[in-house]
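As a starting point, one isolated chain is supplied in structure tokens, in the form predicted on its own.
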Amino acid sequence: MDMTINVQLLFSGLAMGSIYALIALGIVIIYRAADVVNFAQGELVMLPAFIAVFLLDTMGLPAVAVYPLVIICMGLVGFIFEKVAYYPLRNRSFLPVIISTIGVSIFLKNGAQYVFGALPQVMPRPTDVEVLVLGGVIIDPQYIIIIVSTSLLLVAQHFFFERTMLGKMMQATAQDKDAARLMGIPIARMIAITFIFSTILASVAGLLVGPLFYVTKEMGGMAGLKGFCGAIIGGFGSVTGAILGSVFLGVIEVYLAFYVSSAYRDAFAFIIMILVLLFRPQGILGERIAQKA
């Protein structure tokens, strides 16, 4: 086997796994805080890519201003999402909320087509460098940007949850809402912030993956499902598991697509997920279960 090709595949897999990890993290933190699976997470990846293309191409704004502006806009979308799709149903069972998130997914997909059109769009790359050659290995610079950006974001997220009071309150809410309420933590506010944070993670994923592919209304659907698969493979409910499972999925998917068949690339993710559910249903790290007081 050609080592150069394998290294190129590894970078590609790590980049895609990083995208899946950001999506999976958004799914997991909402699940931990609100006990619901957000099936609109993929569309929250698609929407910021469309907004960025509009601001970069149509409005002519510089990238340094567009990216922060898109993230702020998506934070607002996350706040509205929580107030519309979750808050009115917060005292109901999980099923109505899941159906609500599916409705938001359909609305965002068709809304994007209505506003931005049905034709695929191209998102400009943040750098003019087309390829990087490192020791004979040809690497797309966008892969480096994705891996580095995701790594820095994960470090910042760890610092936020472990070293800040707001992060600790969000963790307390996710672990036990009743106990957190007795401690004086505003549960409703923490859940709203969690939805905003999850949407920002999805928006970063959309901005990072947008330059690699055409921006279409369908781009987030499969990415969202693979992020969901990554969360299950790692151990649904585990933040660390979501990261490891997603990166593992991204790498294995790329290698299988190259050495087996690229026609079944999307199917490999679900095959791996099914195998994990059959032989290790708790995932790679196992679902974290705590005894509540």
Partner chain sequence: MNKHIRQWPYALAALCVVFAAPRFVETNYWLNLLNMCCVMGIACLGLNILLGYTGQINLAQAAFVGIGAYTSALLTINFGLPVWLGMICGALTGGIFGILLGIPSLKLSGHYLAVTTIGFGFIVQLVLINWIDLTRGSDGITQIPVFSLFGISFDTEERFFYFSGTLVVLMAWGIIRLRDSRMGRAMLAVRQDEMAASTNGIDVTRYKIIAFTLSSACASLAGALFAHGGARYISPDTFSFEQSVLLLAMTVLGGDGSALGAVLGASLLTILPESLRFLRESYMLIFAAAIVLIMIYMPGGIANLVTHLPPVAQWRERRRKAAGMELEREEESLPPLELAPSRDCRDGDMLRLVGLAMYFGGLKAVGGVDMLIRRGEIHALIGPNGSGKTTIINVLSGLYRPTYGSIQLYGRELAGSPPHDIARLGIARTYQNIRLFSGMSVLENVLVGQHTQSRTGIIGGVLHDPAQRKEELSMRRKALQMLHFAGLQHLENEAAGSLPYGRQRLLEIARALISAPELLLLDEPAAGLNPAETGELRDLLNKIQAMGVTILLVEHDMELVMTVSDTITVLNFGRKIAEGNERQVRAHPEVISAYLGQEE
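Here the structure is a predicted model, which means the values were calculated and not measured. Numbering follows the first chain given and starts at 1.
The protein also exists as the form predicted together with its partner chain; that form is not presented, and the subsequent description refers to it.
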message: Please tell me whether any heavy atom belonging to Phe50 falls inside 4.5 Å of a heavy atom of its partner chain, as the geometry stands in the model of the complex.
response: no
field: Proximity of Ile232 to its partner chain in the model of the complex, heavy atoms at 4.5 Å
entry: yes
query: Any of the heavy atoms of Val84 lying within 4.5 Å of its partner chain in the model of the complex?
result: yes
- prompt: With the cut-off set at 4.5 Å between non-hydrogen atoms, does Tyr214 touch its partner chain in the model of the complex?
  reply: no
message: Contact check in the model of the complex: Phe39, Ile98 and Met222 versus its partner chain, with a cutoff of 4.5 Å between any heavy atoms. Do all three pass?
response: yes
query: With its partner chain left out of view, which of Leu132, Ile102, Ile72, Val122 would have a heavy atom within 4.5 Å of it in the model of the complex?
result: Ile102
message: Only one of these stretches, 108-116, 155-163, 137-145, 191-199, has heavy atoms within 4.5 Å of its partner chain in the model of the complex; which one is it?
response: 108-116
field: Within 4.5 Å of its partner chain in the model of the complex: residues from 60-94 (heavy atom criterion)
entry: Val84, Pro88, Leu89, Arg92, Phe94
